[in-house]
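Only one chain is shown below, in structure tokens, and it's the form predicted on its own.
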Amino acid sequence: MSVCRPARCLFSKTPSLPKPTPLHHPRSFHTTLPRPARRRPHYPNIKASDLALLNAAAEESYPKYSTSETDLLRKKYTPSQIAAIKAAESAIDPRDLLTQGQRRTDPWQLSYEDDLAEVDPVTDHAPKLKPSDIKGPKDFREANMVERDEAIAQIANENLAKMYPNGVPEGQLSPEEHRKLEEAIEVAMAQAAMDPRTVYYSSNPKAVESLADPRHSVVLPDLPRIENRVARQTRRLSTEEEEDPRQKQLLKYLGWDKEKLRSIRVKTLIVHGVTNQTRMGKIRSLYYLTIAGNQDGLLGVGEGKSVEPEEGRKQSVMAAIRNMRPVPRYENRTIYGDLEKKVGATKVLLCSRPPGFGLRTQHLIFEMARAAGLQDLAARVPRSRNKMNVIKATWEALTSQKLPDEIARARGKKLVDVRKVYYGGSVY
């Protein structure tokens, strides 16, 4: 047997041994993720060349007040108001308006662009004026031929100025432009002839202008008033509304007001018919199961049954609000650890999840978690999925959690906040 091969294998380089696999670390009891070393900016970076173009576009779209505009503002606003306007203008960056601002596209947008400082005679309802609003004498007489011709000429010129804001075209005109000009003159003369200012004459110009002002029209309706006699008769105040006796008793029991009661989120999850066999026959009624929560750590479940549908639903709603109990929440978003609860043949498993996980549960547990104010939760129902038992088991599991403070106190240990010790107090 040759000894060369064993010697060659002995003095040759030994192959590297495989690296041992890292041990599997157990799951940390802390549900939040560690803070990353570098966070991405919320806004994309802008180059200097693009910034110059952006500044130019912003100055063109949102120019600053000129001297003439500032003089006009001084006639309407006080110096303190002008200073406030300038401070607001300097606080708003026109580049942000250009990049982040957008025009409204909702159905409630105005059909025209206006600052709403003045009444638009086309789109707005003009307020009705009284004879006392006309200053000076209000005597009229029928105009003679000379006064009528002067008034027609003046009103026709005003109408032509509205049709041609840049002036009436002069010089050599094309046949089409000449025809349009003749039609405009005919329309202006016809409107002037039908204007009441050409029929009557007064020494007070304000009185003459009131003849063509629609605000002095007799058939113009008044602006709607809220505090009038008809509105007071047809409207009921909130204090005069008919109250349900059960609701009044519930408010007295809880010590709440109506505004706080309206903030409670209520939803009926189960509705089905039941039958009670008596010696008088079968009595059919409806069963309701309702949940109620303030979306901030309170959750309740109530049941109601009645022959009348609305009566049974009100019973379940009042019972759910009356049965609300606190739900402990870790970081105001999830539960403390994993929970398990069994009601009848139904078993519910609830698991806490990190931020941004969401509510990945079935629809009944989803509605209960949303009413209680939970944001990150996972759930499983491995056995029977009876709806009533699922709701009751989830409610009992959420309201009977064991807090870390209670466990530490029972064991005689000291509870340390991991966030403050290892992460400098940062939650996310």
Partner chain sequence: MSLVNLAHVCSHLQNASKARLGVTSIPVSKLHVRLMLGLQKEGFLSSVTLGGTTPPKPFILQKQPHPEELEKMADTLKEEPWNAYPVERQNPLGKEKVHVEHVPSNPARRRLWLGLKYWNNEPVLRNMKLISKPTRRIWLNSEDLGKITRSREAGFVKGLTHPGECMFVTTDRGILEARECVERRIGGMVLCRVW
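Since this is a predicted model, take the numbers as computed values, not measurements. Positions refer to the first chain, counted from 1.
One more form of this protein, predicted in complex with its partner chain, exists but is not displayed; see below.
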Query raised in the report: Closest heavy atom of Y287 to its partner chain in the model of the complex, within 4.5 Å or not?
Result: no
Query raised in the report: Does G337 reach its partner chain in the model of the complex, with heavy atoms at most 4.5 Å apart?
Result: yes
Query raised in the report: Is V416 one of the residues lying within 4.5 Å of its partner chain in the model of the complex, judged by heavy atom distances?
Result: no
**Report entry** Contact flag, K402 vs its partner chain in the model of the complex, heavy atom cut 4.5 Å
**Finding:** yes
Requested in this report: Tell me the stretch among 272-280, 337-345, 78-86, 256-264 that has any heavy atom within 4.5 angstroms of its partner chain in the model of the complex.
Outcome: 337-345
Report task. For the stretch 244-273, return the residues whose heavy atoms include at least one within 4.5 Å of its partner chain in the model of the complex, in the order they occur. Result -> none
